[in-house]
Ligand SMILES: NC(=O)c1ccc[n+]([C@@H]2O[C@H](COP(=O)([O-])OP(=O)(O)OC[C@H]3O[C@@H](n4cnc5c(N)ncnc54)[C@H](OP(=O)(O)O)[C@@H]3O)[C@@H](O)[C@H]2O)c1
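For reference, the chain that follows is the form predicted alone, supplied as structure tokens.
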């Protein structure tokens, strides 16, 4: 098959390109003119330069493609309105371009933030639960999903909602891991699901081939539910550090996010929108429907996935 991956140079997008190439598919990657292409170097990925709201560039990128995997998104925009302008409008324009190009299957890499938090660790969110996003990012992702549902009769789509994704190449976890390497274990409130990046790529390929109704939605995770104290102890042990658990109250998270946003002004990865997600009590989600209908099987439980990730970071002197 011929597959287009948006955000192909990014953390999830580059792993998806690797999985597609390993399966023998031809891959085209949609990247911005300013994109860092380090994760695509020496790989047979055809590059298409473009922007999510540039219709002409999206039509060129979608031309001749069988599958489209939409991994591009903004998580730290300089203007909060871009949570919808990019994540929603960009998805809608891309989907329309794919419909006109005759794309067979459109797979959206969405977020658990589109659904909102769970009632508790023993009641993970499922696809049948009402959606209750608590952040602008989540609302933008939900609108992106809705744009595909509106086109489901004219463009076959599958939507994958992801919790926190970790693995090699992820820079967003560096601050936490470097702190743990120094013996500092921040203990944030709440519990959450996780998924290893290679398992996300596996789920995306399955979604491109599964005979499921257009507009189907699936949560993808490793099936576990964790808390920061347990995760911190596990990772600290792998790093050879005992460390001290430092509880971080919700008010500190909110205050720190406001300060981070003020200091960085534009593009702060830790901002007030992110804080609204971090102060929730539970972000557990169930992968049972994906396992039953897509044939998805998580290949990396937390200890294995985190070991591979830490070894990769160490090899590159990131920690």
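All figures in this text were calculated on a predicted structure; none of them were measured in a lab. Residue numbers count along the first chain shown, from 1.
Just so it is clear, the following notes concern the form predicted together with the named molecule, a form of the same protein that is not shown.
Q: Can we say 121, 124 and 221 each have a non-hydrogen atom within 4.5 Å of the named molecule in the predicted bound form?
A: Heavy-atom distance to the named molecule in the predicted bound form: none of the three under 4.5 Å.
Q: Please identify the residue among 243, 163, 116, 168 with any heavy atom within 4.5 Å of the named molecule in the predicted bound form.
A: Residue within 4.5 Å of the partner: 163.
Q: Within 4.5 Å, heavy atoms only, which of 280, 35, 288, 255 is in contact with the named molecule in the predicted bound form?
A: For this set of options, the contacting one is 35.
Q: Report yes if any heavy atom of residue 73 sits within 4.5 Å of a heavy atom of the named molecule in the predicted bound form; otherwise report no.
A: Residue 73: contacts the named molecule in the predicted bound form.
Q: Is there a heavy atom of residue 206 lying 4.5 Å or less from a heavy atom of the named molecule in the predicted bound form?
A: Heavy-atom contact with the named molecule at 4.5 Å: absent for residue 206.
Q: So in the predicted bound form, is the named molecule close enough to residue 275 to count as touching (4.5 Å, heavy atoms)?
A: No, residue 275 stays farther than 4.5 Å from the named molecule in the predicted bound form.
Q: Would you check, heavy atoms only and a 4.5 Å threshold, whether residue 66 touches the named molecule in the predicted bound form?
A: Flag for residue 66 set to no.
Q: The named molecule isn't shown here, but in the predicted bound form, which of 245-253, 92-100, 225-233, 155-163 has heavy atoms within 4.5 Å of it?
A: Only one stretch qualifies here: 155-163.
Q: Are there residues in 168-182 with a heavy atom within 4.5 Å of the named molecule in the predicted bound form, and which are they, in order?
A: Stretch hits: a single one, 172.
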